[in-house]
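One chain comes next, on its own, written out as structure tokens in the form predicted on its own.
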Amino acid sequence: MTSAKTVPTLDEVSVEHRGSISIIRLNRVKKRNAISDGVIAALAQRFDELPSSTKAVVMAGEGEHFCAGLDLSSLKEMDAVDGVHHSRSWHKVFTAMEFGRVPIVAALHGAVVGGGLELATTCHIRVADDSTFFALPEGSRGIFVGGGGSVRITKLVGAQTVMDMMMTGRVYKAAEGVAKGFAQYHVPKGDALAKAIELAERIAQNAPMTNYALMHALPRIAEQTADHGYLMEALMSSVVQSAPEAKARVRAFLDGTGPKVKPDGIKAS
């Protein structure tokens, strides 16, 4: 995943392992966790090096912000060809995260702006605390999204919303951003990381093949025609339920020892 031309700045992307989950943090506090090519390469390496014991990841940012976007001070002038390759290098890393081995839960706070929003939408579940704000200021800066945002963010909130944000600089605060679809959870200020860890620990308890199917098959099914989607669903369902762990979980449910769905979530019997 890492580029041979870019040295990963591993001190700017830390990793902490807690049992079945790993917490990966952007650590460029003075830069509001703005992303450079070194950070992208470090993210790639951190995900490449996750131990097999990791079943889910929490993506977070140190300091007062999740990520304020592209570090413009690190951006070099490029011709069109170099620009395409630069953008595609980000696509490679973010796609490997989105369609990787384990689900990712983003803990969002403060700025989730530009490339930071692109990073957040690479994750599968997003938790925004009340300090979070979402923005795409590319229009005022004379640039265009280059880390997959025109695809991922547009799928979440629609082309008209993305166009409005980039043209006018519109900012969405936490509550309206969650209602719009930028995140699935809204928590009080300071609680995003704890909630993200809670969700990641819950996700890590799922059957691995179910998580894999949700990450890899469900997004593709959503983009297919109905008849193609039904076929992929049938194939994926057959593969997932054939796993020994899946069979054991179904037996546990049937004999009353497995977890049951309650109004406040899935609980053990």
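Computed from a predicted structure; not experimentally measured. Don't overthink the numbering: it's just position in the shown sequence, from 1.
The following text describes the form predicted in complex with a small molecule, which does not appear among the structures shown.
The candidate site formed by 115, 138 and 143 is fully in contact with the small molecule in the predicted complex, as each residue has a non-hydrogen atom within 4.5 angstroms of it.
Taking the partner from elsewhere, residue 90 is found to have a heavy atom lying within 4.5 Å of the small molecule in the predicted complex. Among heavy atoms of residue 147, some come within 4.5 Å of the small molecule in the predicted complex. Contact annotation: residue 55 falls outside 4.5 Å of the small molecule in the predicted complex, judged by heavy atom distances. Though the partner is left out of this view, residue 133 does reach within 4.5 Å of the small molecule in the predicted complex, counting heavy atoms only. The partner is absent here, but in the predicted complex a heavy atom of 72, alone among 72, 163, 175, 194, sits within 4.5 Å of the small molecule.
Distance criterion of 4.5 Å from any heavy atom to the small molecule in the predicted complex singles out 34 from the list 41, 60, 203, 34. Contact with the small molecule in the predicted complex, defined as any heavy atom within 4.5 Å, is confined among 234 to 242, 24 to 32, 215 to 223, 47 to 55 to 24 to 32.
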